[in-house]
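What follows is one chain in structure tokens, specifically the form predicted on its own.
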């Protein structure tokens, strides 16, 4: 990166199943930026804790594990990936035990401080699109490109249900809606970096929008601002 080209960060926040992963990946591809899924770090930490037999309800044990593990980042096809103690958790971070426990891991203040520091370092990979729950509020509050994606709870449950059906053959919208409501509650009420709309963020309700429409809206704004 030359000095006359500061790194651009597109921050995309929102609750579970609001479409932010799909949108963020596509926006990154369109802009030729590097994609960062901040949630994968918290899921990775949860996977590691479960795998190493650490009690999720014991923050001291989780913190000790976090401080001793070796976390390394690399990019592949403009996507940031990581290994923990040399191991790539892969799709295991999408498993149900991880999904059900990640909000508790993410609520530990020391874990958030640690992960926010790591996430801020991602600018070393150049221009990035980063998705999460506190990117515009905490990780990169100075970014001029802040978006908050949302959708009606029923629509989010329907989307997540379709996703789980393709991954695990599970199709229970009611159960998914309950799980999303629990996650929203935990994310919005935690003391450290709760899920909220960043100051100056553009709120996009995607309930009746296609992925393509949301991606086009964001990429057009970013390109216009960057004079592309």
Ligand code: DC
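Being a predicted model, the structure only gives us computed values, none of them experimental. Numbering follows the first chain given and starts at 1.
Omitted here: the form predicted in complex with the ligand. The next part is about that form.
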{"item": "Contact test in the predicted bound form: residue 78 vs the ligand, heavy atoms, 4.5 Å", "value": "no"}
{"item": "Contact test in the predicted bound form: residue 26 vs the ligand, heavy atoms, 4.5 Å", "value": "no"}
{"item": "In the predicted bound form, residue 135 touching the ligand (heavy atom, 4.5 Å)", "value": "yes"}
{"item": "4.5 Å heavy atom contact, residue 149 and the ligand in the predicted bound form", "value": "no"}
{"item": "The ligand in the predicted bound form: contacting segment from 151-159, 69-77, 83-91, 125-133, heavy atom within 4.5 Å", "value": "125-133"}
{"item": "Triplet 49, 51 and 65 all within 4.5 Å of the ligand in the predicted bound form via a heavy atom", "value": "no"}
{"item": "Residues within stretch 93-108 having a non-hydrogen atom within 4.5 Å of the ligand in the predicted bound form", "value": "94, 102, 103, 106"}
